[in-house]
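This document opens with one chain alone, in structure tokens, the form predicted alone.
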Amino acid sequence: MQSTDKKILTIQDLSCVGQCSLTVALPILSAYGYETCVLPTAVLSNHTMFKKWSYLDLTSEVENIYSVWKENGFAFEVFLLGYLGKQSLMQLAERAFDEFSAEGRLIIIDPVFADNGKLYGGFDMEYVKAMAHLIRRADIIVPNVTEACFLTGTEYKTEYGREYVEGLLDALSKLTGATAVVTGVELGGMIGEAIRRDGKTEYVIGEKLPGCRHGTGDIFASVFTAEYLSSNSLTAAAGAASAFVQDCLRQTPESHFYGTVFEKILRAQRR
């Protein structure tokens, strides 16, 4: 086990109600024993799966935050990026890498802009292009299949084999030197991750549970980050994160439409 002394900065939005983004990342990373610092990009009354929501953009405050951080001499060993939503925030994230990195820093980026073959509302190809530029700064990226397709200009398919997946990984390798952990890879009725590192491909595939839930990607990225920091093994981290998400899905009743119940699993696992 590696030390948990590393200080993590996670940059993403805060939804006051709904299990996603910072309300997932902060408790999970903290429960693993990592000091977790946050840079909230926006505050939402609740996430956008509800009928109505309010939205407060915090981009203009980041400049003030950075100024104070400089005065206080803050630095972070790990950066975990989730939902950003604006190209200007990508530029501010790069500034954070340049100005607040401790020695040996690690950058993990979850692109968070698309799923099921479609862009999320409010995104366009200019955003995708900007994200393709940002991930060049990453050490590890965790896009889902849809995001990997958009980033590389690959045709999205719902039925495919390993040849298609490895072509997608090849295209990501040409785009960025980052290790790619592509999530939501479906093969033979099962689901999991395809990992490309140093030209080698590995798969972590498990049971596909029925239905889908909001926030599972955020849970995966958070658990993956914590497990990777502890084990330094991509496959072990992906396997642990996948198993965690599956346990969460099993605990989430149908009536809980707006998110994924993770708190009970986290409590049981970290005892």
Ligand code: PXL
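Predicted model, so just to flag it, every value in this text is computed and none were measured. From 1 onward, residues are counted along the sequence shown.
This next part talks about the form predicted together with the named molecule, which is not shown.
Though the named molecule is absent from this view, in the predicted bound form it lies within 4.5 Å of a heavy atom of just one residue from T48, T235, T59, N232, which is T48.
When you look in the predicted bound form, the only residue of F100, Y83, Y127, Y164 with a non-hydrogen atom within 4.5 Å of the named molecule is Y83. This chain is displayed without the named molecule, yet in the predicted bound form the stretch 48 to 56 from 26 to 34, 200 to 208, 65 to 73, 48 to 56 comes within 4.5 Å of it by heavy atoms. Although the partner is absent here, T260 lies well away from the named molecule in the predicted bound form, with no heavy atom inside 4.5 Å. Contact annotation for L44: at least one heavy atom lies within 4.5 Å of the named molecule in the predicted bound form.
Mapping the unseen interface onto this chain, V112 counts among the residues with a heavy atom inside 4.5 Å of the named molecule in the predicted bound form. Residue contact check for T10: none of its heavy atoms lie within 4.5 Å of the named molecule in the predicted bound form.
Contacts between 9 to 44 and the named molecule, taken as any heavy atom within 4.5 Å in the predicted bound form, involve D13, S15, C20, S21, L44.
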